[in-house]
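Listed next as structure tokens is one chain, alone, in the form predicted on its own.
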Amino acid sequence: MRKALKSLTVSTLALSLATGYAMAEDLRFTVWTGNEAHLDMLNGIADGFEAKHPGTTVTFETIPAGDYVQKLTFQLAGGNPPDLGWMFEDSMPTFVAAGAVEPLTDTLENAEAYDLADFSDPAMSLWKEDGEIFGVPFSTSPFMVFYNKDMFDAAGLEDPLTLAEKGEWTLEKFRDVAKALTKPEERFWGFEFKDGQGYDTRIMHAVMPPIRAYGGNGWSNGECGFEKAEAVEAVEMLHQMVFEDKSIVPPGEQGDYFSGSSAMTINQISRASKMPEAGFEWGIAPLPSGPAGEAPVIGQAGLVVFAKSDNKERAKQFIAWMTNKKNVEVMAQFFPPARVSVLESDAFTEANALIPPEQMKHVAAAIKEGEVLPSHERAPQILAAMKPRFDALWRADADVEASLKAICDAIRPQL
């Protein structure tokens, strides 16, 4: 009897080891950040998951943001698919329509203590299709004005946060202070577009904040809005700042707010991780209001599992782990949450050691009130059609109204 018991025990152990080996899974996770602080945080979250799932490893692979969608598409088409990854909000409809991402609904609904209802409906709307959840937003990050406080103080100007708290932070004031802070002889500009790429990969990030503040839109419900009066007036203001005021870093020049060559830029709070190296005092403020009032613009990024993954179930489980309440609180230091309970807590306003709580409150307000950039399942075709027309716009002698009409003519067949 003992011998039989021993044999059964050995056999059970052998089966257990064999099963453990078979279940060993290496998850490859694509991201567009190479920031050490971000990756340290992500690896910490992965360590907790790996401890609960022995034999599973999670490796984060950085693809630069400007190349992310193209290189990811090549990997998926070329037989080298990652298991899961970050996804831009404007690319999500395209990937869902192509069947390139997996539904996550069952996994999230059955994850222990997950509380799916804690994600607000507006935050989740872009990531759902026909009742299925295809992605979970991990960052619902509004565009904020980053400013060089030292430059404002040296010029004797009130900074954007001070103006915002007085109700005086308007597009008109934004243009005035950008012009006042510009020093052409020193190649120092009052403002630069997001990541210095407003004429290229960040076109929509450049034009949409003022367009929305004027009451316009890029496109909506199949209709192009770039040629409408509100958008024309907003883009004319930007064009004048570039070529008349010379206060925005112009095409062909490379400014860098983070090294001190521009007084202001627009970005998201994840970029605050770069500020300890900047060497100047800084702050963040809401976007300036316009004729239509305050119009926060939100950038969203989500987590998806790719349909070609060999480890779909484990990848789905990792998404549920990464977006549980505890880990969302951890990520909130860099990536504003879509979980209402975290957004409304001190854990959020106090999450980022670099940004004071009184400034983080403006981030929370913008998340609640803002709208994402226009998206579409044919976004790649729309952006490709827009690009040469926007290139023609950024010339000193360009007819702004005619250029924006040409953009609408080019993209209307795709809408």
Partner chain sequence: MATADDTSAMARHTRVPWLTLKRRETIEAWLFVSPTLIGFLIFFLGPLIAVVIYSMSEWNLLSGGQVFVGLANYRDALAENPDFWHVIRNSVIFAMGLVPMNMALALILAIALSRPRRGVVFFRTVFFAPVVTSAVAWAIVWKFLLQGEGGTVNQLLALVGVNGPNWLREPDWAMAAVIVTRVIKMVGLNMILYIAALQSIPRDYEEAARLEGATGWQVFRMVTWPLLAPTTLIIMVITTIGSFKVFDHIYLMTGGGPENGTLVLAFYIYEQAFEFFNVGYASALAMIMFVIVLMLTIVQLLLRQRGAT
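Model, not experiment: these values are computed from the prediction. Residue numbers count along the first chain shown, from 1.
The same protein also exists as the form predicted together with its partner chain; that form is not shown, yet it is the one meant from here on.
J.: For the three residues L76, T94 and P251, which mark the spot I'm curious about, does each lie within 4.5 Å of its partner chain in the model of the complex through at least one heavy atom?
T.: Contact check passed for all of L76, T94 and P251.
J.: Consider the chain as shown here, without its partner, and state which of P356, P388, G48, G55 has a heavy atom within 4.5 Å of its partner chain in the model of the complex.
T.: Selected option: P388.
J.: Taking its partner chain in the model of the complex as the reference, which of A155, A98, A292, A229 has a non-hydrogen atom within 4.5 Å?
T.: Spelling it out, the residue with a heavy atom inside the cut-off is A98.
J.: Taking the partner as it appears in the model of the complex, which of 313-321, 293-301, 114-122, 67-75 has residues with heavy atoms within 4.5 Å of its partner chain?
T.: Heavy-atom contact with the partner occurs in 67-75.
J.: Does P380 reach its partner chain in the model of the complex, with heavy atoms at most 4.5 Å apart?
T.: Yes, P380 lies within 4.5 Å of its partner chain in the model of the complex.
J.: Test of understanding: in the model of the complex, would K405 fall inside 4.5 Å of its partner chain by heavy atoms?
T.: So K405 does not count as contacting its partner chain.
J.: Could you confirm whether D150 comes within 4.5 Å of its partner chain in the model of the complex, counting heavy atoms only?
T.: Contact check for D150: no, nothing within 4.5 Å of its partner chain in the model of the complex.
J.: Does any part of A384 reach within 4.5 Å of its partner chain in the model of the complex? Heavy atoms only, please.
T.: Contact check for A384: yes, within 4.5 Å of its partner chain in the model of the complex.
J.: Which residues, if any, of 178-212 lie within 4.5 Å of its partner chain in the model of the complex when only heavy atoms count?
T.: R187, Y199, D200 sit within 4.5 Å of the partner.
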